[in-house]
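The chain below stands alone, shown as structure tokens; this is the form predicted alone.
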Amino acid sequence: MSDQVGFTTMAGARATGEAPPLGIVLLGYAFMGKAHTNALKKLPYMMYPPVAIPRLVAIAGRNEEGTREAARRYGYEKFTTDWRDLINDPDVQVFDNGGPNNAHLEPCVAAAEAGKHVFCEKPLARTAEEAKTMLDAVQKAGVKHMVAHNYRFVPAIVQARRLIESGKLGRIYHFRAVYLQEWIMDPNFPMVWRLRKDVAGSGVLGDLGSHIIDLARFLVGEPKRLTAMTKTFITERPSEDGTSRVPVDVDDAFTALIEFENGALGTLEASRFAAGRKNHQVLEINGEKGSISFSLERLNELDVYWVDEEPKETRGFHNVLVTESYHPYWENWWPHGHIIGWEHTFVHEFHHFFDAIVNNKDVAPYGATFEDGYRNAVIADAIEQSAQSGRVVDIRY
């Protein structure tokens, strides 16, 4: 198998019934680097039979010592401190960008121009303008492209979308979502890159807000207009070296009210100042025939209510454990009731992306393409614009 993974061509592998290899180069080795690599290594034996065998060709990062250690720890064949070294590597078919937001535009565009399929962490870009440049590049190159909105690949979220698509909820009236964390509440928490506009593009809006913006579009549809407010609670923080205090130029929290094209109303709220909340993403959808509620911290469950359920004396929300063999992705995992976790969403999304590459399928509508990433950025920009102007902003792509 090792010889096949290293040298068999994709066409030859398909002809012999073997899963073809896909050479991967990963940019970034920290939080997302670990999450992506964990998924890549699990995929061949859990999403079985695999559509492709990831080959961990190289990992890139700015810090030489850290990148070398990541290559050793994760099992990449080589490492570099300059992603440009790897763009034209013939052993690489997929460029996986898990770097900070300011490292999305240039590497992804260069990878697409070199004919590599591109997988990029969210948010796709710091602004809609950057995102449009990236979208144009992958479309011109004709490569497959996907944004790592991994919550689309939670089995319960897929099940919720299927229920909505089936018409069982009828007309959708409301979508509301909150995403709350607490990790920067300490005024002496230092100025990491996520708190710098030149690197991150925005604060909680891009970090957590991009996820619930994506889920709103994925589950309900396109927004028509919105009004929003943002807030920065701590306006100065210690520099990373601790020698000075520097101004914070990103948002700590936002709230937005959205009208969708289908007439539904939505609310989005995200904050990194919610004491006690660790990774509290909760959403609810209310329709004419029922409601669905989901919490990320209980990601194997859906709460579902049906308006006309009989007998009415016992009518109420049902807690559904989404672990049956007929639920999304479950045939690849365990017997019912044996839950999976956050990290497995990355296994599902890479499997989806590789299936699109190997079998020339569309990444959309279940995967988030760079088109989705661009539209997400347009909405995020509109939230900032509304917060600054105090006005309702129409969404225009």
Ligand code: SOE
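Predicted model, so just to flag it, every value in this text is computed and none were measured. Start at 1 and count along the sequence shown; that's the residue number.
There is another form of the same protein, the form predicted in complex with this ligand; it is not shown, and what comes next is about it.
Item to check | this ligand in the predicted bound form reached by all of Y173, F175 and S293, non-hydrogen atom within 4.5 Å | outcome: Zero of three within 4.5 Å in the predicted bound form.
Item to check | this ligand contact at E269 in the predicted bound form, heavy atom, 4.5 Å | outcome: Heavy-atom contact with this ligand at 4.5 Å: absent for E269.
Next on the checklist: Can you work out whether E130 and this ligand are in contact in the predicted bound form, taking contact to mean some heavy atom pair no more than 4.5 Å apart?
Outcome noted: Answer no; every heavy atom of E130 is more than 4.5 Å from this ligand in the predicted bound form.
Checklist entry - N279: heavy atom within 4.5 Å of this ligand in the predicted bound form? => result Close contact exists here: in the predicted bound form, N279 approaches this ligand to within 4.5 Å, heavy atoms only.
Item to check | Exercise: R194 in contact with this ligand in the predicted bound form, heavy atom 4.5 Å | outcome: Yes, contact at 4.5 Å.
Checklist entry - Where, among 157-165, 259-267, 202-210, 218-226, do residues come within 4.5 Å of this ligand in the predicted bound form by heavy atom distance? => result Looking at the other structure, the answer is 202-210.
Item to check | One residue of R152, K122, H327, H117 in contact with this ligand, assessed in the predicted bound form (non-hydrogen atom, 4.5 angstroms) | outcome: Going through each option in turn, the one that passes is K122.
Checklist entry - Taking this ligand in the predicted bound form, which residues along 164-188 bring a heavy atom to within 4.5 Å of it? => result In sequence order, Y179, Q181, W183 come within 4.5 Å of the partner.
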